[in-house]
Each structure stands twice: as C-alpha cells, then as structure tokens.
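Just the one chain here, laid out as structure tokens, in the form predicted alone.
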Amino acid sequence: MRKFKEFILNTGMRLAALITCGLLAFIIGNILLRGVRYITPQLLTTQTSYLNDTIGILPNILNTIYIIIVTMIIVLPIGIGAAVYLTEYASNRYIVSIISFATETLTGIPSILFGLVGMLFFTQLMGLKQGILAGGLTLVMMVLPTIVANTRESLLTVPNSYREGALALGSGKWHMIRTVVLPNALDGILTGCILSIGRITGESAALLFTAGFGLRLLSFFNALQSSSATLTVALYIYANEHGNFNVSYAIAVVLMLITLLLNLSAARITRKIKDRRNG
C-alpha cells in the first residue's frame, strides 16, 4: 500500500512538472512561431512614421532600457538601505513588523492601482510630465518590496560568526556591514535585481498612466519628461489600438530576448562573484 501511494505521488508530481514545462514551451513556441518572421532590421533600427507608413520599435527598446536604469538607480539604495536597517539596526520588533507588513502589502497591490497613484501623485501633485521619470518613480513603488525581501533574506543567511569576528577585530558596525555582511549577501541582492528588472520589463498597466504612449525617438534626458512608450506599452498599442498583431508578436519576441540576455548577464556576474569568493 505504501509503495502504491508513493507511485501515485511521484506520478502526480511528474505530471505537474510536465504540464508546467508544456505550458511554458507552448507559450514560447507560439510567440516565436508567430513573431520571428516579422523581425526585420528596419523594425529594430527605426521609429514609426505615419507619413512614410513604416513601423519601428527602436524608441521603445531605448525607453525600456531608460526606465530600467532610472528605476534601479532609485530603488536600489532605498531597498538595500531598508533591508539593512531592518536586519542590522532595528531593535523594536513592533516597528520591524509594521515595516514588514507594509512591504508585503505593497506586493499584493494590483499594478493598475500603482499607475493611478503614480498619475495622481507624480504627474498632478508634483507636476511631472508623462515620461520615463514619472514611470520610473511609479515602478520604484512596485519593485521596492522585491528588493527589500530578497536583501533581507540574504542578510539573514550570513552567519553571525562573521559579524562577531569583524567586531572582535575592532571594526565598526557600518564598516562590518559594508565589508563583511553585504559582500556575502550579494548573491541574494542580485537575485532581487533580476526579479525587479523582469517586472520592470514586463510592466504595462502602471506605465500607461505615467510613462505615456509616445513612439518618438528621444534622447535619455528628453525622454524623462516626454511621453515615452516602453516595449510592453507599444505591444498594447499595436495589438489593441492598431490591430497589428504581427508587430505585437515581434515585440513579444524582442521582450523575451531582452529578458533572456539580462538573466544570462546576471547569472554570469553571480558566477564570477562566487568564483572570486571561492578562489
């Protein structure tokens, strides 16, 4: 009877894994099958022109990179600083529980609500125009819980003996955190960065109200205060408003490639850090 139960359990787990992999393969295969054929050099290196009747997504690729840079520059100091405070400095459990509850609550808020709040606060109250800056500040609120949670978990995995050894050698607390704790928690911090970049790249609902629908090719500083559509917003525009699903699938392929390259780069950096630490 026990062997039969184990057989049923193993079969069920294998079936669940097979279904999960099958769904992933189906989605990726469908996107590649319908989108690769429409990826051309003109699509990737030009901008959309209604006068010339051409479609290009170069501005959207650049806007996606711009918003990743702006968001990560702002959210990393805040997220890592909050995690260090909660882990290394905060002694009042009540305060820690309140901050932890706040970050967990932010995780469960729908992205469309972040977009509405970002539009009301950043564009109307603060007077920012629709653009990369307003969109990036909105995304900061969205990915902040991910950075804080992953950094906290990484800091908690660092053995206390490392801290005690550094303090016993005369190191100050901040010096100990900067030179001992954070380097040993770098793997988890990078994991949080990867997850955050993935969410930034795939976000559209919050950016519709804050970053805008602009398809023009702009420099980084001009895009900060000008309507600038990222790849996901452009996908929505071409699919929903223009009805051009061929371009939409091509954009989906580009999004998958960008996400894959970012993950591979982060994995390579993590591996180098581990090799340097072990060596």
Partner chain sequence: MKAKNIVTLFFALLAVVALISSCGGVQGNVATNGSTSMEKVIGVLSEQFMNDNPNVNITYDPTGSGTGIEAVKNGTCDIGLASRALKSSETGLVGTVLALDGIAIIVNKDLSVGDLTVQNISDIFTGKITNWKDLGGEDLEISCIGREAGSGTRDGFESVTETKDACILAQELTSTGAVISAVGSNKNAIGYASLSAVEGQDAIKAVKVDGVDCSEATVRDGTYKIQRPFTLVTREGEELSAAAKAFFDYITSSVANDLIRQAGAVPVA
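Numbering follows the first chain given and starts at 1. Quick caveat, the model's predicted, so the values are computed rather than measured.
Unshown form predicted together with the partner chain; subsequent notes refer to it.
Taking non-hydrogen atoms only, Gln42 never approaches the partner chain to within 4.5 angstroms in the model of the complex. Contact annotation: Thr87 falls outside 4.5 Å of the partner chain in the model of the complex, judged by heavy atom distances. When contacts are judged by a 4.5 Å heavy atom cut-off, Leu186 counts as touching the partner chain in the model of the complex. Shown alone here, Phe245 lies within 4.5 Å of the partner chain in the model of the complex, counting heavy atoms only. With contact defined as any non-hydrogen atom lying within 4.5 angstroms of the partner chain in the model of the complex, the contacting residues in 201-226 are Phe213, Arg216, Leu218, Ser219, Phe220, Asn222, Ser226, given in sequence order.
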